[in-house]
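Taking the form predicted alone, here's one chain by itself in structure tokens.
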């Protein structure tokens, strides 16, 4: 029987199963260790449930693709486990983000802080415990990387990438929190926040981690960054549209959360730029109202459409998507890797959840 080809090994469904298997094994070991040490079982159980109620495994998949882009050999267990550790970092980011956004649901289920609040009938306990569980997911992510079985050289190459990813995400989240309380039409700031809070850790840093594990030339690194940055931007711009116009049954979160929170998105910046005085006043009055009702949300959506903000955001997504594809046109990568990167670019920008 012939050995599987690279094309066979790049089957995304198969890779997701291997990533999930690595996560399941790691979290099962943590659960057994907690039991043996007489530690609380709830933290690891809640994290495990959060991991497996959904998620597209975008970041681990990008890491494996980075490995193959750099012409790494068979993605052995250590590479899969290192890639899977990124999912636990993602869990950390989402748990903390949901606390800061006061979100009630994620992936169609109660958020972690709401789940924990229900255990003690206390919102304060839920929020405080969720912060701790987010921290624990971050620690798990590091431990899973440390114990993945990488060589000393691989781990040395990986750590600067992981450190940069963490620092940039936290800075992006801070910039998001530090946005002016009053809505503005500062599109550039909104795009900077997108890049640091989400775009870089969703696509660029996972690809860079895979490349670092394989070792490569600067040309491959540069080509992947040229693809990753506009694609990461487009991914978050699509998320912002889905947060307002998406179907909650598909997205797994209410369509009012972003509007109630008053997220300073590119979508809203574009609306304010092109709104008339009455529309601008209405947006500033309604966006960020924690008690926003669906009828008021419809008014906001109408303004987003009438000002052309929704259409312009779609244009931005298309522009960034095409920029990512152009980067692949000249990228020195294996053809089958290019094919999968094209597929993922389409999936991430045209998604409905």
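Everything quoted here is computed from the prediction, not taken from an experiment. Residue numbers count along the first chain shown, from 1.
The same protein also has a form predicted in complex with another copy of the chain, omitted here; what follows describes it.
Worksheet item: Which of 241, 99, 255, 226 has a heavy atom within 4.5 Å of another copy of the chain in the predicted complex?
Response: Looking at the other structure, the residue within range turns out to be 99.
Worksheet item: Among the candidate residues 105, 76, 128, 250, which is the single one with a non-hydrogen atom no more than 4.5 Å from another copy of the chain in the predicted complex?
Response: That would be 128.
Worksheet item: Counting only heavy atoms and a 4.5 Å cutoff, which of 295-303, 32-40, 61-69, 322-330 contacts another copy of the chain in the predicted complex?
Response: Careful reading of the contacts points to 32-40.
Worksheet item: Might residue 196 be said to contact another copy of the chain in the predicted complex, defining contact as any heavy atom within 4.5 Å?
Response: Because a heavy atom of residue 196 falls inside 4.5 Å of another copy of the chain in the predicted complex, the answer is yes.
Item to complete: Tell me, yes or no, whether residue 175 is in contact with another copy of the chain in the predicted complex, where a contact means a heavy atom of each within 4.5 Å.
Response: Residue 175 belongs to the contact set for another copy of the chain.
Discussion item. My question is simply whether residue 201 lines the interface with another copy of the chain in the predicted complex - judged by any non-hydrogen atom within 4.5 Å.
Written reply: Residue 201: no, not in contact with another copy of the chain in the predicted complex.
Worksheet entry | Partner contact for residue 171 in the predicted complex: another copy of the chain, 4.5 angstroms, heavy atom | Yes, residue 171 lies within 4.5 Å of another copy of the chain in the predicted complex.
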